[in-house]
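Listed next as structure tokens is one chain, alone, in the form predicted alone.
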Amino acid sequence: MGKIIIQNETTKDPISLIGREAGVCWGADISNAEKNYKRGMDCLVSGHGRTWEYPQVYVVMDGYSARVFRELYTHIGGGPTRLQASTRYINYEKGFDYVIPPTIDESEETRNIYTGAMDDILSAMKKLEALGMPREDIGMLLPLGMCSKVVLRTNLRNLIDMSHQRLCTRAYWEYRNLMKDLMNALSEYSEEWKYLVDNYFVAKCDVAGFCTEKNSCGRRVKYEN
């Protein structure tokens, strides 16, 4: 469905970078690559989250719904930033791609109702454009299910926190898929990223040791006051 592209500006050696930056403040020798890596691991194991903000991730997310990107923005803190495909300037006259939820795609009847609604929206947009209506106003018709594209700059700390929330089985299904796609892409980018993904990108119940949700999926024992 969607596609994740890790851009070259992304930190290649996030653990070593953490160790180098921490080493500056500790008055340590940062010319030794092995010691930098070990120091970075110490920061990770010790939970020194502020140092995790140094490794930067530049990523293109393409083919996911506008709806899931609205949820993505709940994870935008002071450091991360993003740009999204314009609904004001892009010409959607030839149509727009959209996401079909798996439950709707299971049956021909429900799929036809869904795709028919999308066709009706496109038809209305074309008619309004023919009547000379401004494209920025016509774009108000575009649905949350339409595919969009985002360029995101974020950091390791933000992504670890995001994984705790979005790998939970109660998270929105498309976001869970996006999170797993992102983890796969980072794992392929470098060995240090693969280590981080395998060991730190986990659901919040794995961090707490119990389920914190009101309605548990049963994967972990639910915490009771």
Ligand SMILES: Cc1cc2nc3c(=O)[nH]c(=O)nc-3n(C[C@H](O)[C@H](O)[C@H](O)COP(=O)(O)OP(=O)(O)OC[C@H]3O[C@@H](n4cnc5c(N)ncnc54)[C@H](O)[C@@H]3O)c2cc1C
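Bear in mind the structure is a predicted one, so any value in this text is a computation, not a measurement. Numbering starts at 1 and runs along the sequence shown.
There is another form of the same protein, the form predicted together with the named molecule; it is not shown, and what comes next is about it.
*Asks:* Only one of these stretches, 157 to 165, 23 to 31, 37 to 45, 183 to 191, has heavy atoms within 4.5 Å of the named molecule in the predicted complex; which one is it?
*Replies:* That would be 157 to 165.
*Asks:* Give me the residue from S107, N91, S123, T74 that has a heavy atom within 4.5 Å of the named molecule in the predicted complex.
*Replies:* By the 4.5 Å heavy-atom cutoff, the listed residue in contact is T74.
*Asks:* Even though the named molecule is not shown here, does E213 get within 4.5 Å of it in the predicted complex, heavy atoms only?
*Replies:* E213 belongs to the contact set for the named molecule.
*Asks:* Any chance A171 has a heavy atom within 4.5 Å of the named molecule in the predicted complex?
*Replies:* Contact check for A171: yes, within 4.5 Å of the named molecule in the predicted complex.
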